[in-house]
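Just the one chain here, the form predicted on its own, laid out as structure tokens.
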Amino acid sequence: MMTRMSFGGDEHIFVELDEEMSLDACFRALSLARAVRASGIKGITEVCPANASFLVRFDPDVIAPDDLRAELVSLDQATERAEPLLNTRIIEVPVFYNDPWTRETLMRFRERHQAPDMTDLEYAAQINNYASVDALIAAHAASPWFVSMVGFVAGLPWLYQMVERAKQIEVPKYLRPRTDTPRLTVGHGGCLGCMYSVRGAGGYQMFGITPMPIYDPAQSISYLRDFMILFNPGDIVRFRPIGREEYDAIAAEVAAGRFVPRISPVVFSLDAFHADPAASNAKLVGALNGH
């Protein structure tokens, strides 16, 4: 991968690690963005990571643009030589797939869809050559997902499936965006998954819904009192399929202030993942069970 840096006005440098989306590009962008934050370079006011790039905002009265670019080039070279390890965490997200709320919503917008006579899950299963919706759901929940960035709306995580590229679920977005998407919908568009942190417009295919809030600006939910947004870039997500009964039980626990997500610290090795994705994923998921 060839890093490209370009100036955006007087106060920004855009750092692009690759034009193509991949786990390697996500990892490199995140690692370099973290190194920039930790560098203590005077004049940097903000670092905003994205899927395969990040944006640096700086004060040109404190550091000259060309001097900052030279510092970034040096950090890029240093992180490229470093062993690709990430101290992060894995978070379990319960998902009610094929739920009644996203199903009702998708049926209201069939005229905007590629296959008006199919549900989003049926369409995704067909174009990814799965024999059934259940088989697609099993594949969606089988592997962890890497949080490549957080944004678009507050608290919304973008998710990259941690499998070999040939096994990735891929499905186009709606032909025209919906004007409504239920809060906490688990969606998929292109090669990326997401969780809609708030109700609103959207174009991703709707697979299910989670009862677990991921964004709370009031910070009244027990596990979001320290910070209103649950996910950070670099987090790893494990989706766990649940039914209606467990969905209702978790929703009640959330309302009562008793629900606590399952979260475990993990070390993710990109080299270990490439050597044996299944073993690497099993180790990550095993951390949730204390293995």
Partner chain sequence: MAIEVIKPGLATSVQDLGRPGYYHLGIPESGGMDRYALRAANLLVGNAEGDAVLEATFQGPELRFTRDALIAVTGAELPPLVDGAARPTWTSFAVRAGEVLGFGFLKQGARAYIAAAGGIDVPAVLGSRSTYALGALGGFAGRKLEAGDVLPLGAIGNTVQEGRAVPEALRPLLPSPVILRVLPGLYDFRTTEAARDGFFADAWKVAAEADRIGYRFRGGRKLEFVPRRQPFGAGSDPSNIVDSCYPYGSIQVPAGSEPIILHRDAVSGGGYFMIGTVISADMDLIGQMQPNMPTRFAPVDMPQALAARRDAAERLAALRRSLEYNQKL
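Since we're looking at a predicted model, the values are computed, not measured. Residue numbers count along the first chain shown, from 1.
Keep in mind the form predicted in complex with its partner chain is missing from the figure; the text below concerns it.
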What stretch, of 146 to 154, 73 to 81, 120 to 128, 100 to 108, brings heavy atoms to within 4.5 Å of its partner chain in the model of the complex? 146 to 154
For its partner chain, considered in the model of the complex: do all three of 8, 160 and 228 come within 4.5 Å of it, counting heavy atoms only? yes
So, in the model of the complex, is residue 248 in contact with its partner chain at a 4.5 angstroms heavy atom limit? no
Is there a heavy atom of residue 168 no more than 4.5 Å from a heavy atom of its partner chain in the model of the complex? yes
Heavy atoms within 4.5 Å of its partner chain in the model of the complex: does residue 215 have any? yes
Answer yes if any heavy atom of residue 234 is within 4.5 Å of a heavy atom of its partner chain in the model of the complex; otherwise answer no. no
Sort through 241, 65, 43, 261 and report the residue having a heavy atom within 4.5 Å of its partner chain in the model of the complex. 65
Could you tell me which one of 47, 254, 35, 224 places a heavy atom within 4.5 Å of its partner chain in the model of the complex? 47
Which residues, if any, of 58 to 74 lie within 4.5 Å of its partner chain in the model of the complex when only heavy atoms count? 59, 60, 61, 65
